[in-house]
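Presented as structure tokens, the chain that follows is alone, the form predicted on its own.
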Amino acid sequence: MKIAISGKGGVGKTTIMALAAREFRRLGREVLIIDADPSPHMAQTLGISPEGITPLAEMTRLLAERAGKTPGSPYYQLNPQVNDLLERFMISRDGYRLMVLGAIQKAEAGCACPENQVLRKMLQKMLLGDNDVVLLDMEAGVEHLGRGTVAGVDHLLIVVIPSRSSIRTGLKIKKLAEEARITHVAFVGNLVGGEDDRLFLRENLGTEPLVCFPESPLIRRAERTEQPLVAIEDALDNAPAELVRKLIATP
């Protein structure tokens, strides 16, 4: 199962992805997390030291070779060889496997085309067993859908909070995801304070969120003090377990 998560910046998608990873691990699933956010924080969220992690995007020459860009040409080949990259750039800690895509590090460095082309191919070529789960933390906004990066996923979760700007972005992501023929697209509510927030989301999204995560002082404190979120024992109204259960139950 390949699951991507997206949404407007600041809505908590990395937090929700980390909590989902924890629930899948508790069920005995083999979990690979790919941090494809240009500002990657998944390692810290999982309690993994970023030391020793080499983001794939930093291997500029390798990416250019794999993406097949001809010097002086703006075009990339559509079939890069990626079979060995998972083992070379993946680290394993505390039952989690993590791969960091990374991002452009310099101003005016141009498009992240090689990184996204290689990631797209990896998602298409991964051979997963019944017990394997791939969780993909995408960049904020809609650009990754325009590039077709998540075309190979089974589920796209769009995180929204009870705000109009978040909902506008979420609806735009949903429209692009449907055009990209992603099989299962669902909204996940976050920072939901009560029934008024649930009603606001339901009325403005035009559908019920798959799951709603409540506000959590424990999660907020952990983020501010850089504690791993997967170590926080906040039940969160059972939202993480419910999210994973519904994903597994979706045919």
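Residue indices: 1-based, along the sequence shown. What you see is a predicted model; the values in this text were computed from it and never measured.
Below: the form predicted together with a small molecule, not depicted.
- Note on the interface: of 179 to 187, 202 to 210, 215 to 223, 24 to 32, the segment with non-hydrogen atoms within 4.5 angstroms of the small molecule in the model of the complex is 215 to 223.
- For the chain shown alone, Pro228 is not a contact residue for the small molecule in the model of the complex, no non-hydrogen atom being within 4.5 angstroms.
- Contact annotation: Val11 falls within 4.5 Å of the small molecule in the model of the complex, judged by heavy atom distances.
- The closest non-hydrogen atom of Leu46 lies beyond 4.5 Å of the small molecule in the model of the complex.
- Using a 4.5 angstroms limit between non-hydrogen atoms, Leu191 touches the small molecule in the model of the complex.
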